[in-house]
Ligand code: SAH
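A single chain comes next, written as structure tokens; it is the form predicted on its own.
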């Protein structure tokens, strides 16, 4: 067993998640593709196998311990980058209707090609969340996931308009997650959300944000406004 698969098996066991040799192998194949493409696409700074197994894969799959994703639900990964956390979630839960969204065409092209080669079905979209949330994808997802994209007040405005009422945003945050929560108080109120729970992973947490009512029509604003004047 490779270092990657050994580390991933250990972490998933620690989380109490069931897994198979097939899952370990499939995750290893995807990481190999990321590592190979990383030389020219700058997909990740995490290249150590054990570290990648934990931070890219196990930490993503930890959501399935923190929150019950209904079978077949629609999930969008906002700012997926190299496919994290969306791809590991899809590999663990093939039933999920997964959309992987990123503004970089080079990254979405990589993900699309890699998943096709692996026979994994997912919707890979090159676009911006704040633009798609004003079109056909507005309030159409049961869950949104995002890691290392933006501070929480900004992330809420980018993601919540894509969620159905009753949907949940899962945001992976680092050691300063309590400060980000405090900073996001106005955004949570304005967008009709509340913190439902938190699940500790590594030195941070997965924050589970519940959308309680439809998003006001004024949101999301243009990205320049979201960035310059966060809620």
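Numbering follows the first chain given and starts at 1. Keep in mind it's a predicted model, so treat the numbers as computed, not measured.
Just so it is clear, the following notes concern the form predicted in complex with the ligand, a form of the same protein that is not shown.
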query: The ligand: the contacting residue among 91, 101, 75, 152 in the predicted complex [heavy atom, 4.5 Å]; finding: 101
query: Three-residue site 80, 128 and 147 fully in contact with the ligand in the predicted complex at 4.5 Å by heavy atom; finding: yes
query: Heavy atom of residue 158 within 4.5 Å of the ligand in the predicted complex; finding: yes
query: Partner proximity in the predicted complex: residue 173 to the ligand, non-hydrogen atom cutoff 4.5 Å; finding: no
query: Per-stretch contact check against the ligand in the predicted complex, the hit in 116-124, 133-141, 103-111, 67-75 (non-hydrogen atom, 4.5 angstroms); finding: 103-111
